[in-house]
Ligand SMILES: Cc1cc2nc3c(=O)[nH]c(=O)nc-3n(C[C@H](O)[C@H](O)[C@H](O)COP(=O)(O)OP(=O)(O)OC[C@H]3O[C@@H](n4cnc5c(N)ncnc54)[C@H](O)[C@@H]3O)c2cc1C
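Before any questions on how it binds or moves, here is one chain, the form predicted alone, in structure tokens.
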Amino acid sequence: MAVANPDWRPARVVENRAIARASVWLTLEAADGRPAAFEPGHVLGVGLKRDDGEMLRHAYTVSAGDPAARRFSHLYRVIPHGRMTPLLETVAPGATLYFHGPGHNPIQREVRPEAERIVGIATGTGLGPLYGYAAKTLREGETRPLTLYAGFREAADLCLEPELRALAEAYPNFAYRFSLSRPHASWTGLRGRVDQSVPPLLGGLSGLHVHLVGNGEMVHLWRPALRKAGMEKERVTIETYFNHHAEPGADAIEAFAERLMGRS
């Protein structure tokens, strides 16, 4: 089926599988014979053509890539009253979607080579590209300590835990922690939002590279606070999923920077 914009390439749906409440793992395979060498952190436009011919489209971050097979995966969240995702989650394997891109830098290219430790911090489906980055860089020989922290609302929202556990078992320099803002009584993991639970675990900021992915409220608090706490601009990299214009107040940023420095 042709599309009007030649930049949109066809892709076959390989997998479209729910892996947590409202979170779906989508794997696509380029169907035009052209290369599809995408990495975790690349951003692609994904298009869904409705029966009436309208193309619904949204930008999604690549969570994993397999260039040899021309395949790539996205972790997306289903928005109950959204225009696209309630339809997208019903698409069956074998169906045709469309994509174009990429944009943005892969995470692996953004992490500074001189950093001594790497920390990824995500909210929700922002964990997808951080997991994919960790799997790729560890497989390729990364030996620096690498820790991922992911914040979710409730335990039903947790995703990719089996995959992360397998990485932790295979690579002694890798670790991960989940934090719940609404934990049940028996929850034994971290409690609270990542800005509450993670700072005491960072072990200081010296030698650290931090990559932030997810809600703009989180990203736009952490980035300026880390800078104010003394981290170089190049060692704090980001991708904002939504709430792009969130603006924490100067007092909130100052107070959080103090926490990051262990002064409060």
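Residues carry their position along the shown sequence, with the first being 1. Keep in mind it's a predicted model, so treat the numbers as computed, not measured.
Keep in mind that the form predicted in complex with the named molecule is missing from the display, and what follows is about it.
Next on the checklist: Does any part of Met84 reach within 4.5 Å of the named molecule in the predicted bound form? Heavy atoms only, please.
Outcome noted: Result yes; Met84 sits at the interface with the named molecule in the predicted bound form.
Next on the checklist: With a cut-off of 4.5 Å between heavy atoms, is His245 one of the residues that contacts the named molecule in the predicted bound form?
Outcome noted: Residue-level check for His245: no, no contact with the named molecule.
Next on the checklist: How about Trp25 - does it come within 4.5 Å of the named molecule in the predicted bound form, if we only consider non-hydrogen atoms?
Outcome noted: Although the named molecule is absent here, Trp25 would stay clear of it in the predicted bound form, with no heavy atoms inside 4.5 Å.
Item to check | Leu75: touches the named molecule in the predicted bound form, heavy atom cutoff 4.5 angstroms | outcome: Judged by the heavy-atom cut-off of 4.5 Å, Leu75 is in contact with the named molecule in the predicted bound form.
Item to check | Interface residue in the predicted bound form among Ala37, Leu201, Met55, Val43, criterion: non-hydrogen atom within 4.5 angstroms of the named molecule | outcome: By the 4.5 Å criterion, the partner-contacting residue is Val43.
Next on the checklist: Which is the contacting stretch out of 55 to 63, 191 to 199, 225 to 233, 204 to 212, given heavy atoms within 4.5 Å of the named molecule in the predicted bound form?
Outcome noted: So the stretch in question is 55 to 63.
Checklist entry - Which residues within 119 to 151 place at least one heavy atom within 4.5 Å of the named molecule in the predicted bound form? => result Residue within 4.5 Å: Thr125 only.
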